[in-house]
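This document opens with one chain alone, in structure tokens, the form predicted alone.
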């Protein structure tokens, strides 16, 4: 029997939080140019752990609790990147800066339009579609959600112009339905009737106006459309149209669960 003492596995040193200059940090969060941030600091408007900061070049540790420890002009620091927002998109609002009309970014704090990295919607809902929308500055997370390899299901509730015939569920589930102008059939989709002229439809693709075009392909017309689920994440019942909140890490994980 050996008398050697078993060696312990080497302990990993705790990772140090990344650092950033105060003026660059606040400029990237949209609080103004670095010169404007310097003015905020000069006027003692930036406070960390109860202490007024006086050097805009001070290097700050980007710890997870920084937003709870720092205030800017008396308000808690905005969330650091990466940031993902869950929004209840209302009707009449577009998802792109390039489209005419009011857009989803106008529902967020004005300075967030200057954040770097910039915020982008994860997929889009058209102007006449309401419901669950995710907005993020986290590129890898965005691509994971929208990647066809992820097979993230999205559920919509459609109100229809005409009564369901009873054939739609089988047609949508077959995986053979072709949309007008396309050469590849749609992946199987799950339709669940909710009434004579209402149904939920769960799809795993994101083709242009897909849900509306699917019902058009079976001779019906969508008069109202609402998305209430992405993966395992449901739109909270208490979140009113136009309202939003920061998505937690647990909720992000639920999307893929």
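Positions refer to the first chain, counted from 1. Just so it is clear, the structure is predicted and the values come from calculations on it, not from any experiment.
Beyond what is shown, the protein has a form predicted in complex with ligand URA; the following relates to that form.
Colleague: Of the residues 125, 93, 152, 134, which one places a heavy atom within 4.5 Å of ligand URA in the model of the complex?
Modeller: So the residue touching ligand URA in the model of the complex, by this definition, is 125.
Colleague: Exactly one residue in 46, 189, 225, 29 has a non-hydrogen atom within 4.5 Å of ligand URA in the model of the complex; which is it?
Modeller: In short, 225.
Colleague: Want to guess which of 51-59, 36-44, 202-210, 64-72 is within 4.5 Å of ligand URA in the model of the complex, heavy atoms only?
Modeller: It is the stretch 202-210.
Colleague: For residue 156, is any heavy atom within 4.5 Å of ligand URA in the model of the complex, or not?
Modeller: It does: once ligand URA is placed as it appears in the model of the complex, residue 156 has a heavy atom within 4.5 Å of it.
Colleague: Looking at the partner-bound form in the model of the complex, is residue 84 within 4.5 Å of ligand URA by any heavy atom?
Modeller: Residue 84: no contact with ligand URA in the model of the complex.
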